[in-house]
Every structure is written in C-alpha cells, then in structure tokens.
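For reference, the chain that follows is the form predicted on its own, supplied as structure tokens.
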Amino acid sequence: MASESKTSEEIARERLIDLAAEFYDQFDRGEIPEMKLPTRTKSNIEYDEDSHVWVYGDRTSTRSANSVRGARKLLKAAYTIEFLARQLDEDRSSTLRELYYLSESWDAEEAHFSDQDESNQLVEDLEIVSKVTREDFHMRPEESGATLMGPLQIREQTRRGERKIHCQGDVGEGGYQIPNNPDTIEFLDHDIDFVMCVETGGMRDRLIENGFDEEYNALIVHLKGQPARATRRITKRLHDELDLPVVVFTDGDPWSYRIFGSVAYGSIKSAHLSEYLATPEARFVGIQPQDIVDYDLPTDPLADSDINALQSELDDPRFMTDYWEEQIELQLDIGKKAEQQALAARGLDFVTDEYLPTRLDEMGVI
C-alpha cells in the first residue's frame, strides 16, 4: 500500500535530521565534520539562459571543523538544526530576529550568534543544503506589509482554521496582506486580466483610489520597494497557476530597474531559490527614460552612484536586450531620473486615464 505523501514540514524536519546525522557519521568514521555549500559570491552566480534566472555556479566552499572558526560555524549549525527540528515538532514558528536572540539562551557560548546577519546566513545555508525553504522550517522575516488588491478570491489556512477572502470585496483600502508563506493560499476564483506589481505605496494608493483595479480587472501587488520573498513567490504563483501576465511599475532609476530584475529573474542573495521565486515572463511598464522625455516629467539629476549603477546594468545579463540598452543609454545621455509620482504633474488621473492604458495597450496587455 502506498505511503501517505509527506507534508513539506515533515520533509524539512527529515532533511535537517539527516544533516545532523551526517555530522555524527563523520565523527563516527574518524573524519573531521564538514558541510559543503555553493560559494556564495557574485563571481559564482550565473545567469541561466534556459530558465532566465540567476543560479549558483559549480564552485563550492567547505565549512570544516579543522579550524576554530569553522568548528564554531558547525556548532552553530548543529544548535540551529536542533532548534528548528523542535520547532517543527511543536508546530510553532519564529522570526529570523527571534532566532538571533534565542541563541543567547543556548548553553554553549560559542554557539551564540554575533549578529543577525550571521544567523540569517546560516538559515540560508541550511536552505541550500537541505533543499527546502525557510518557510518550511517555520521561519519568517519581520512582516513586510506587502499587499494585494483586485478581483481574486482565495482560501487561506490560518491557526484559527480556513477562511475565504475576496481581495476586493472582503478587504479595506489597505488590501489583503500577503502572508509569510503564500503557498498556504489556495486560489479559488478570479476575474483578473493581468497582475501589476507596483513599487511605491503612493502610486499603489493612487491606482486604488482611481479605481484602476476595478476598471481594468487588475490585481495590484504592492512591492514595498525591494520585494520580499513572499511577494515574489505569490507573483510567480499567480503567473504560473492562473496563466496571468505580470507587469512591473516602478520609479525610473537604476535601483528600481533592479527591483524589476528581482521580480523577473531573481536576485544574487536568493539565487538558490530563483526557480521558486522569479517570474521571467514579467515585463517592465515604466517609468521609462523615454517617458521622461516624452512627457517632460519633473526629474532629479543622476548622482554618481546612479551613473555607476546604470553602467553596471549594461553588463548585467538581465538587461542585455535591445530595449534595455536603448533605455539605459538614453538615461545616461539625458542625465535624469524620475519617480512614479512625477506623473502627477499632469494631473492625479493622468496615470490611470492615459499613461498606463497607453503603455499596456502598446505592450498588448490590454
């Protein structure tokens, strides 16, 4: 008789225990314990031309107990594995910040984390070697506050049971807050024609106040700047499972283009999860450098850091297309950048009455 399929939490706990058992077996064989990981440096990040996302290359690093520093890292890993396995047994969860402070209570002083960056990186290491996500460890970041608003009905699993929510009719002006693990959401029904990811809260609020989500059957995803993993994950699910086009609407500067790149192709920091988080089919709406010229938008001059970032993007595989090269070269030529809300110089309704409908029509989205 076939065994019942395991939950993601059961798989996560199993793999954590297997990792701890491997340390034990290495000791038992008289070997110095070690843990192999992909080298997590920019030089070991590759752009996969087939999947169009960032992935780790072939170079590896070894965490080995043959040095005091390496032994401390493995000790911290062992304590963290024990904590996470117990947390899963008890069906509890904790934040990345809490893990950092919790280490202060561990009996081995050498296992205490020196700062939160160290504990965050260890959790990422454990994700990589166990091939499961931190969400399956029941680890969560501090709330990002990112939201959805649009014609989507979902079923959400909570500690208080299931609940059905319509992401327009059942929520206030703030929208539906994306949970830490959006894989607990079931899509029930929708009237969405496209998903629009919006960088800033001000622009998100303008679109909602002007009724853009209702008039164009758009699901508005507020990115809140550089998007959290949960935001990128639910965006990917909306595209893959509901076959919806995804567009990204940001400020017109190099840092915002990287926000688009993070949604579409993944980031260097989370390269081990690119195929889980990235939506390569996502397309950029604007603000384009060409828009700055065409609409004579209010601007700020490019700072030296902006110029360096734009020049770096010309060598970035994510932006090596005729479209991006043309836009970046134009921006370097005019020496200006503009915010989304600069469109308000033409009136509060301009963005929803003219700018977005024109751009989306040109792109074949509407």
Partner chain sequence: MTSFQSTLGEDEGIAEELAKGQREISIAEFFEKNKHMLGFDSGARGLVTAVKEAVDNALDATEEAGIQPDIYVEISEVRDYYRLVIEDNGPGITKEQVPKVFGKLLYGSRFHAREQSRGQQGIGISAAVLYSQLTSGKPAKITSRTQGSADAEYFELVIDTDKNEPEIRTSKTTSWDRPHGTRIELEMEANMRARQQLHDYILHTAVVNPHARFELREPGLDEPMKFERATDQLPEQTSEIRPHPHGVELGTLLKMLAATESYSVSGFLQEEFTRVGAKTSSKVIDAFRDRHFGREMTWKTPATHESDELVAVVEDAIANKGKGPTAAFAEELVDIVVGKDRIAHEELEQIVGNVAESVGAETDTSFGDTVQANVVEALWPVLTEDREGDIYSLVDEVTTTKKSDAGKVSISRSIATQFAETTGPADRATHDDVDEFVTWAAERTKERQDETYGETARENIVDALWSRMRTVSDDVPKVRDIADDRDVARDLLEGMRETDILAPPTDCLSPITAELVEEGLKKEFDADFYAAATRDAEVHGGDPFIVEAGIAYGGELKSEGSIDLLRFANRVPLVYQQGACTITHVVKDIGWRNYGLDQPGGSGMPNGPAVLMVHVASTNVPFTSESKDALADVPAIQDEVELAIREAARDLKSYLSKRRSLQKRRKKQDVLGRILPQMATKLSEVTGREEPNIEGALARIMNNVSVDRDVDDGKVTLTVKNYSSTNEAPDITDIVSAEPSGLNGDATVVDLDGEWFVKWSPEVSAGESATLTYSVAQDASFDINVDGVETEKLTVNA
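Predicted model only: the values in this text are computed from it and were never measured. Note that the rigid core is defined as the largest set of C-alphas that superpose within 1.5 Å between two forms. Numbering follows the first chain given and starts at 1.
Omitted from view is the form predicted together with the partner chain, to which the following refers.
S.K.: Partner absent here, but in the model of the complex, which of 91 to 99, 68 to 76, 161 to 169, 273 to 281 has residues with a heavy atom within 4.5 Å of the partner chain?
M.R.: Stretch with heavy atoms near the partner: 68 to 76.
S.K.: Between Ile81, Ile154, Met203, Ile178, only one gets a heavy atom within 4.5 angstroms of the partner chain in the model of the complex; which residue is that?
M.R.: Contact check passes for Ile81.
S.K.: So, Pro38 and the partner chain: in the model of the complex, are they within 4.5 Å at any heavy atom pair?
M.R.: Heavy-atom contact with the partner chain at 4.5 Å: absent for Pro38.
S.K.: Given that the partner chain is not shown alongside this chain, does Ala345 nevertheless sit within 4.5 Å of it in the model of the complex, heavy atom to heavy atom?
M.R.: So Ala345 does not count as contacting the partner chain.
S.K.: Give a yes or no for Asp189: in the model of the complex, does one of its heavy atoms lie within 4.5 Å of a heavy atom belonging to the partner chain?
M.R.: No, Asp189 stays farther than 4.5 Å from the partner chain in the model of the complex.
S.K.: Mark Glu31 yes when one of its heavy atoms lies within 4.5 Å of a heavy atom of the partner chain in the model of the complex, and no otherwise.
M.R.: Glu31: yes, in contact with the partner chain in the model of the complex.
S.K.: Could you run down 10 to 34 and flag each residue that has a heavy atom within 4.5 Å of the partner chain in the model of the complex?
M.R.: Residues within 4.5 Å: Ile17, Ala20, Ala21, Phe23, Tyr24, Asp25, Phe27, Asp28, Gly30, Glu31, Ile32, Pro33.
S.K.: Verify the C-alpha shift of Ile334 between the shown form and the other one: is it 2 Å or more after superposing the core?
M.R.: Superposed on the core, Ile334 moves its C-alpha less than 2 Å between the shown form and the other one.
S.K.: For Glu214, is the C-alpha shift between the shown form and the other one 2 Å or more after core superposition?
M.R.: No, the C-alpha moves less than 2 Å.
S.K.: Aligning on the core only, does the CA of Asp349 end up 2 angstroms or more away between the shown form and the other one?
M.R.: It does not, since the Asp349 C-alpha is displaced less than 2 Å between the shown form and the other one after the core fit.
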